[in-house]
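One chain follows as C-alpha coordinates, the form predicted alone.
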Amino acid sequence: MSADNAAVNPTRISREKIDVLPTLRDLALVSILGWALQLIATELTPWEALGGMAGLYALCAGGLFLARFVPFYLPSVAWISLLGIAATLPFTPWDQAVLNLVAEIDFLALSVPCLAYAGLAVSRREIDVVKKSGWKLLLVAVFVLAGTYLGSAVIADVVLRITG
(Lines give C-alpha, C1' and ligand atoms only; values in the text may rest on other atoms or scores of the structure.)
Protein backbone atom coordinates (compact mmCIF):
# COMPACT_ATOMS: atom_id res chain seq x y z
CA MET A 1 0.00 0.00 0.00
CA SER A 2 1.44 3.32 -0.96
CA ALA A 3 1.41 6.50 1.06
CA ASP A 4 -1.13 7.95 -1.40
CA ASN A 5 -3.59 5.14 -0.65
CA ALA A 6 -3.09 5.65 3.07
CA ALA A 7 -3.94 9.34 2.66
CA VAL A 8 -7.10 8.49 0.69
CA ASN A 9 -8.21 5.68 2.99
CA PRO A 10 -7.04 6.48 6.54
CA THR A 11 -8.85 3.47 8.08
CA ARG A 12 -6.61 0.98 6.33
CA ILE A 13 -3.47 0.22 8.32
CA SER A 14 -0.28 0.10 6.33
CA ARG A 15 1.49 -3.27 6.43
CA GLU A 16 4.69 -1.53 7.42
CA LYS A 17 3.06 -0.20 10.56
CA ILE A 18 2.01 -3.59 11.91
CA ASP A 19 4.49 -4.67 14.56
CA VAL A 20 4.74 -8.43 14.60
CA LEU A 21 6.35 -8.93 18.00
CA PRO A 22 3.87 -6.85 20.05
CA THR A 23 1.04 -8.55 18.20
CA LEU A 24 2.49 -11.97 18.99
CA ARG A 25 2.83 -10.92 22.64
CA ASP A 26 -0.82 -9.83 22.73
CA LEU A 27 -1.83 -13.04 20.98
CA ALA A 28 0.06 -15.01 23.64
CA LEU A 29 -1.82 -13.17 26.39
CA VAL A 30 -5.15 -13.91 24.71
CA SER A 31 -4.09 -17.54 24.28
CA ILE A 32 -3.31 -17.81 27.99
CA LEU A 33 -6.73 -16.37 28.76
CA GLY A 34 -8.27 -18.80 26.26
CA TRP A 35 -6.41 -21.67 27.92
CA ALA A 36 -7.85 -20.70 31.29
CA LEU A 37 -11.33 -20.45 29.78
CA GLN A 38 -10.89 -23.93 28.29
CA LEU A 39 -10.15 -25.29 31.74
CA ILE A 40 -13.34 -23.67 33.06
CA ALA A 41 -15.66 -24.42 30.14
CA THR A 42 -14.54 -27.92 29.22
CA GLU A 43 -13.32 -31.06 30.87
CA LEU A 44 -9.97 -30.91 29.14
CA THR A 45 -6.84 -31.53 31.13
CA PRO A 46 -4.42 -28.59 31.31
CA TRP A 47 -2.05 -30.36 28.89
CA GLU A 48 -4.81 -31.09 26.35
CA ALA A 49 -5.99 -27.48 26.49
CA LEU A 50 -2.39 -26.26 26.23
CA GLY A 51 -1.80 -28.38 23.11
CA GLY A 52 -4.95 -27.07 21.45
CA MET A 53 -4.23 -23.46 22.29
CA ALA A 54 -0.61 -23.87 21.16
CA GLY A 55 -1.85 -25.22 17.83
CA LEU A 56 -4.20 -22.28 17.40
CA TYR A 57 -1.41 -19.87 18.42
CA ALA A 58 0.91 -21.39 15.82
CA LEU A 59 -1.73 -21.00 13.09
CA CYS A 60 -2.37 -17.39 14.10
CA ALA A 61 1.35 -16.59 14.29
CA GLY A 62 1.95 -18.13 10.89
CA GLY A 63 -0.90 -16.15 9.38
CA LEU A 64 0.43 -12.98 10.98
CA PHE A 65 3.90 -13.55 9.52
CA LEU A 66 2.37 -14.21 6.09
CA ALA A 67 0.34 -11.01 6.31
CA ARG A 68 3.45 -9.06 7.22
CA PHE A 69 6.01 -10.50 4.81
CA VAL A 70 4.20 -11.79 1.70
CA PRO A 71 4.59 -9.24 -1.12
CA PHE A 72 0.86 -8.82 -1.80
CA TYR A 73 -1.78 -7.64 0.64
CA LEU A 74 -4.30 -9.88 2.37
CA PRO A 75 -5.56 -9.14 5.87
CA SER A 76 -4.07 -11.30 8.59
CA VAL A 77 -7.47 -12.88 9.32
CA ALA A 78 -7.56 -14.11 5.72
CA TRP A 79 -4.06 -15.56 6.01
CA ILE A 80 -4.91 -17.24 9.30
CA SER A 81 -8.05 -18.76 7.76
CA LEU A 82 -6.17 -19.97 4.69
CA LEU A 83 -3.43 -21.44 6.86
CA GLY A 84 -6.01 -23.22 9.02
CA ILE A 85 -7.73 -24.61 5.95
CA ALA A 86 -4.40 -25.72 4.47
CA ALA A 87 -3.39 -27.35 7.75
CA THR A 88 -6.54 -29.47 7.86
CA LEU A 89 -6.99 -30.46 4.23
CA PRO A 90 -7.80 -34.19 4.26
CA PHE A 91 -5.09 -35.19 1.77
CA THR A 92 -2.25 -33.62 3.75
CA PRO A 93 -0.19 -35.90 6.01
CA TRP A 94 -0.57 -33.60 9.03
CA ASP A 95 -4.34 -33.06 8.94
CA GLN A 96 -5.17 -35.59 11.67
CA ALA A 97 -2.41 -34.25 13.93
CA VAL A 98 -3.78 -30.71 13.65
CA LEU A 99 -7.38 -31.86 14.07
CA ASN A 100 -6.49 -33.94 17.13
CA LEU A 101 -4.83 -30.89 18.70
CA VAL A 102 -7.76 -28.52 18.26
CA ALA A 103 -10.77 -30.88 18.10
CA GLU A 104 -11.64 -30.61 21.79
CA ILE A 105 -11.17 -26.84 22.02
CA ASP A 106 -14.44 -25.08 22.81
CA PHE A 107 -14.57 -22.22 20.34
CA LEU A 108 -17.54 -20.64 22.10
CA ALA A 109 -15.35 -20.18 25.18
CA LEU A 110 -12.69 -18.60 22.96
CA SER A 111 -15.20 -16.04 21.73
CA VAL A 112 -15.44 -14.44 25.19
CA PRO A 113 -12.11 -12.55 25.01
CA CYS A 114 -12.76 -11.67 21.36
CA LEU A 115 -16.14 -10.15 22.19
CA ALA A 116 -14.72 -8.35 25.20
CA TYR A 117 -11.98 -6.86 23.02
CA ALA A 118 -14.50 -5.87 20.35
CA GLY A 119 -16.54 -4.12 22.99
CA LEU A 120 -13.51 -2.22 24.23
CA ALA A 121 -12.14 -1.42 20.80
CA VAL A 122 -14.63 1.28 19.90
CA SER A 123 -12.51 4.09 18.58
CA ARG A 124 -12.99 7.84 18.62
CA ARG A 125 -13.74 7.73 14.90
CA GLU A 126 -16.62 5.29 15.43
CA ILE A 127 -18.00 7.48 18.17
CA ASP A 128 -17.87 10.44 15.75
CA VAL A 129 -19.85 8.38 13.20
CA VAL A 130 -22.46 7.62 15.86
CA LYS A 131 -22.66 11.30 16.78
CA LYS A 132 -23.12 12.32 13.13
CA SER A 133 -25.74 9.65 12.47
CA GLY A 134 -27.75 10.46 15.58
CA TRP A 135 -31.09 8.85 16.23
CA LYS A 136 -31.28 7.28 12.76
CA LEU A 137 -28.46 4.88 13.60
CA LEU A 138 -30.21 3.88 16.81
CA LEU A 139 -33.44 3.24 14.90
CA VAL A 140 -31.63 1.08 12.32
CA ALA A 141 -29.89 -0.84 15.10
CA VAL A 142 -33.19 -1.54 16.86
CA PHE A 143 -34.75 -2.82 13.62
CA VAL A 144 -31.73 -4.97 12.80
CA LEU A 145 -31.63 -6.52 16.27
CA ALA A 146 -35.39 -7.07 16.36
CA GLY A 147 -35.37 -8.56 12.86
CA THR A 148 -32.50 -10.87 13.71
CA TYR A 149 -34.19 -11.99 16.91
CA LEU A 150 -37.59 -12.56 15.30
CA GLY A 151 -36.07 -14.24 12.23
CA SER A 152 -34.04 -16.58 14.42
CA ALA A 153 -37.11 -17.41 16.52
CA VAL A 154 -39.18 -18.18 13.40
CA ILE A 155 -36.45 -20.38 11.93
CA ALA A 156 -35.98 -22.21 15.24
CA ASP A 157 -39.74 -22.72 15.58
CA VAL A 158 -40.03 -24.11 12.05
CA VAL A 159 -37.06 -26.44 12.52
CA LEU A 160 -38.39 -27.66 15.87
CA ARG A 161 -41.83 -28.35 14.34
CA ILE A 162 -40.27 -30.25 11.44
CA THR A 163 -37.95 -32.34 13.59
CA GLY A 164 -40.58 -32.96 16.25
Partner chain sequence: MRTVRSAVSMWRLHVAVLVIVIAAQFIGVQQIPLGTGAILLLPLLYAFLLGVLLNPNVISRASAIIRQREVQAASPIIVIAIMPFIAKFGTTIGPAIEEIIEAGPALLLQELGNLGTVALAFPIAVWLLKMGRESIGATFSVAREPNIAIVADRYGLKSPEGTGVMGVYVVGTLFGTLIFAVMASLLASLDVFQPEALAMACGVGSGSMMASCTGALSESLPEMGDTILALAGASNLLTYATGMYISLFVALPLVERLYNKARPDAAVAGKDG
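Since the model is a prediction, treat every value here as computed from it, not as a measurement. So that the term is clear: the rigid core is the largest set of C-alpha atoms that superpose within 1.5 Å between two forms. Residue numbers count along the first chain shown, from 1.
Not pictured, yet referred to below: the form predicted together with its partner chain.
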{"query": "Whether 44, 50 and 94 all lie within 4.5 angstroms of its partner chain in the predicted bound form by heavy atom", "finding": "no"}
{"query": "Close approach of residue 62 to its partner chain in the predicted bound form, 4.5 Å, heavy atom", "finding": "no"}
{"query": "Contact flag, residue 99 vs its partner chain in the predicted bound form, heavy atom cut 4.5 Å", "finding": "yes"}
{"query": "4.5 Å heavy atom contact, residue 117 and its partner chain in the predicted bound form", "finding": "yes"}
{"query": "Residue 71 within 4.5 Å of its partner chain in the predicted bound form, heavy atoms", "finding": "no"}
{"query": "Heavy atom within 4.5 Å of its partner chain in the predicted bound form - qualifying residues of 63-90", "finding": "64, 76, 77, 78, 80, 81, 82, 84, 85, 88, 89, 90"}
{"query": "Displaced residue check between the shown form and the other one: residue 69, CA, 2 Å or over, core reference", "finding": "no"}
{"query": "Core-superposed comparison between the shown form and the other one, residue 26 Cα displacement 2 Å or beyond", "finding": "no"}
{"query": "Core-superposed comparison between the shown form and the other one, residue 123 Cα displacement 2 Å or beyond", "finding": "yes"}
{"query": "Residue pair residue 63, residue 123 - Cα distance in the predicted bound form, closer or farther (3 Å or more)", "finding": "farther"}
